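Only one chain is included here, represented as structure tokens and corresponding to the form predicted on its own.
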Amino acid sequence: MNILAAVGVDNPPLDWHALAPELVLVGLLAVLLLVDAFGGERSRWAMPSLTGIGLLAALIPVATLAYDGVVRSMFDGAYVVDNYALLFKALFLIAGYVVVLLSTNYIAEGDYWEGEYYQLLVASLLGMTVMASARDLISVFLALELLSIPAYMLAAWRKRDLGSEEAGMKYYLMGVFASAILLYGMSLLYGMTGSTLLVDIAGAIEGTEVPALVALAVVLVVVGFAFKVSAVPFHTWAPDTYQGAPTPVTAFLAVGSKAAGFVALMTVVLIAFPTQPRIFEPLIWALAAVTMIVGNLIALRQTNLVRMLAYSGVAQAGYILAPLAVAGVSGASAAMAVEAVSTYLVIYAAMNLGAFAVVIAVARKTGSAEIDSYGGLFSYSPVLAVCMSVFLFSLAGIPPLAGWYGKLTIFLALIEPGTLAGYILAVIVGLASVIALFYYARVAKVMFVDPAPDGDTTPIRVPMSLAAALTITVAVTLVVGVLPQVLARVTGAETFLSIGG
């Protein structure tokens, strides 16, 4: 007998097509567990292949849902599948596939537990895909923890390495602290409104008589997400975690985990708090400005490329936050903010994953991520040097690479409301981008001008999986830079804002 029917509760209607991407990931996770449990040592070679095939298979229902074009809502609006959600589901799945390509040789050659590694990776990706559709506090928080807890373990995956253990511990402690702050803010929202649905919360707090409690709840929620996206001053975990974790995991955290945090922040702020711009806008404005400035200034002084990319990622978080600082001015401002953040997250994923692919390839020869170890890279591995230059100058926003279009959407979103705050933040974005160009160009100078360390000019052999990852990321960086309209059509901002997701 159906338990729900026995107690007089109707079964919630389920749209299996809408849930298909998540169901494929659940099935993939079950297959990985069974193969790992019963396949023995012979299954090790199959784990990355199975994971990659499963992630590509999960893209099929994403494509069919996008082609269908119907907005699907379940659980009284707590779970929504629209263009906005599908864009990020596709981003997470493709980014996860690229991370699998980065991991294949790295994990196989590094004496790691391969089965558990890919299981945790898929579990975290499942949380990310759920996050893209989450439209209430409970589903947002559960998705955030589902993607975060496996990531804590992945950061410490390098056994008997004190740096990796420190990375996992710092990430875990700061993540738990952030979750506590976030959950406290969410509990205040529920206590004031009696609902966990974001659209209901927006209506309930619009005319609230306790603005101090509303302000406290909004601040706690934004601060909790600020930890997740490594915004200054809540960024201190990121550099040590990025440097200590296995490099493919670092790429996964820098792209997937951060993007999921931004998706959650954007969803909650623009659906639950649209009537409270006087509270969230100044806070996000300050976070964005400080994050851009501090991240870039500290990145200037780094001698380790992974650590430099970590602080670069901190600064990039400031760029992505910036449009949300003026999103409450009008409906048009909110739509442009959604488009700018969505566009930049897609471009940022390609640029960063590609840069870490080059880091992994070079480290196969040098065993180091120090910037000096890249001396003379162009003389013995010109393709890698050119690829890294493409990613670095795209991060700097140099045309015709994709980064310029991402920066352009941010500038347009900042100046559209016509406010002084938006104009000032746009100037800060421009100045921060100029600062960033210095440390990106320094790496290029080392690769093209400086001599190779110890005069070793032996070419680097790039495994097929790494070459495939580089091909995908370079292609996206170049195509979006030259044909930005390809990406401009799929943000889904109008649907997301018109129905609250």
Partner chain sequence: MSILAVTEVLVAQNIAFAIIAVGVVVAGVRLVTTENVVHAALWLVVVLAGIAGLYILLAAEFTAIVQVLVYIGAIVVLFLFGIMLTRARLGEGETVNKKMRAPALVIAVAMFALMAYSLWGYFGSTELEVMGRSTAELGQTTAQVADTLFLTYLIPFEVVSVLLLAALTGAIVLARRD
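Residue numbers count along the first chain shown, from 1. Owing to the predicted nature of the structure, the values given are computational and were not obtained by experimental measurement.
There is another form of this protein, the form predicted together with its partner chain, and it is not shown here; the text below is about that form.
Exercise for the section: Determine which one of 287-295, 401-409, 136-144, 375-383 lies within 4.5 Å of its partner chain in the predicted bound form, judging by heavy atom distances; exactly one does. Expected result: The contacting stretch is 136-144.
Handout entry: Contact residue in the predicted bound form, chosen from L270, L93, L126, A226 - any heavy atom within 4.5 Å of its partner chain
Key = After the contact test, the surviving option is L126.
Handout entry: Selected contact from L253, A178, L120, I201, since only one has a non-hydrogen atom within 4.5 angstroms of its partner chain in the predicted bound form
Key = Residue within 4.5 Å of the partner: L120.
Practice task
Give a yes or no for N304: in the predicted bound form, does one of its heavy atoms lie within 4.5 Å of a heavy atom belonging to its partner chain?
Solution key: No, no contact at 4.5 Å.
Practice task
Indicate whether its partner chain has at least one heavy atom within 4.5 Å of a heavy atom of L87 in the predicted bound form.
Solution key: Contact with its partner chain, no.
Handout entry: Residue contact check: L283 to its partner chain in the predicted bound form, 4.5 Å heavy atom
Key = Flag for L283 set to no.
Problem - Exercise: D240 in contact with its partner chain in the predicted bound form, heavy atom 4.5 Å - result: No, D240 is distant from the partner.
Exercise for the section: Could you run down 53-84 and flag each residue that has a heavy atom within 4.5 Å of its partner chain in the predicted bound form? Expected result: Contacts from 53-84: F75, Y79.
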